[in-house]
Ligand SMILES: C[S@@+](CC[C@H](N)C(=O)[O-])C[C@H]1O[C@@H](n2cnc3c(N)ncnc32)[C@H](O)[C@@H]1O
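Only one chain is included here, represented as structure tokens and corresponding to the form predicted alone.
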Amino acid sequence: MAAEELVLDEGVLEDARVCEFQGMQAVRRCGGLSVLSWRADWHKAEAYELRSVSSGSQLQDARFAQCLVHLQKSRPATWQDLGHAWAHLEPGGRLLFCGGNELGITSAVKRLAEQLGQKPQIVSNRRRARIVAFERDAGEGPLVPESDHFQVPQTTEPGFSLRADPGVFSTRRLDPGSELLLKTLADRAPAQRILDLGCGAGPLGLSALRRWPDATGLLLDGDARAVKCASDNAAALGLSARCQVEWWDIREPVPMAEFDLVLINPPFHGGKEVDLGPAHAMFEAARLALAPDGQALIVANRTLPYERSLRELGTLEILEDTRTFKVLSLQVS
């Protein structure tokens, strides 16, 4: 990304340890610590032998002379990182904010400057990206968003509420694709071992566990923020004894096997571009994790061309086909 290239420009970084949020270029240059919510990024940092944590809440009482925050597609997630960075800066330390025009860095900088009551210092500005600096003063800092809650409707019993923290998929309402997939569970025979790939806050896997009280479930996600939410939601619903939630990347094997039901609402965007790679990796992971005669239920935008690759993995059936979404059933023998 062009914005990441600016990190190493002259005058951006001081000769001091840095805490870098959602990146590692600055830490590689200066030393310090990366906060990496995505497990794939954590693996990269591990390969470089860099220190990293998955959440700003794990920084405890650490203090830094400089913190660098990378602008994300999710504004709430970015502001949560800015809040952590502000809290862990030494007095007089530098808050660096980095991003590209495609993510709206200009408006984001304006918003942050208004909240801090400071004029940003532009330290690098090229390649349609910029980095600005603010000084850690005695002010309250960025306005960190609170968690949202959304309702998960059920067809045969009362619905329930789930918490979704900043950055977690579908924070304010259950997305229509997941809602359609849940409707198909009403006519399915009870499952005993359930796998939810890319669980988010947990609407699919936790709904299935509530529906079938004898079932156990494994919920996996590559975003540590989602893993924390899903785990807390499972505890709030009294499902922790039957539910395991783990931080997982699609390049890793699923830690268990022999599931008779796999639930998938796969991502299909990489930034602004359509990227079907993660979905296809999830389908292969599901194939390997399913028990003989097990079933994977997949919901997707109806325009996405998943059918051909899924037929190469097993028997495919289209269970639902609406104007916007489809639910696909994959069975392997």
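Please read all numbers here as calculations on a predicted model, not as lab measurements. Quick note: we count residues from 1 along the sequence shown, nothing fancier.
Form predicted together with this ligand: not shown, discussed below.
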| item | value |
| --- | --- |
| In the predicted bound form, the residue from 32, 294, 266, 56 that sits within 4.5 Å of this ligand by heavy atoms | 266 |
| Answer option from 116, 109, 250, 234, heavy atom within 4.5 Å of this ligand in the predicted bound form | 250 |
| 4.5 Å heavy atom contact, residue 83 to this ligand in the predicted bound form | no |
| Residue contact check: residue 222 to this ligand in the predicted bound form, 4.5 Å heavy atom | yes |
| This ligand contact in the predicted bound form: residue 79, any heavy atom under 4.5 Å | no |
| 4.5 Å heavy atom contact, residue 204 and this ligand in the predicted bound form | yes |
| Candidate stretches 69-77, 192-200, 131-139, 86-94, one within 4.5 Å of this ligand in the predicted bound form by heavy atom | 192-200 |
| Within 103-141, the residues that have a heavy atom no more than 4.5 Å from this ligand in the predicted bound form | none |
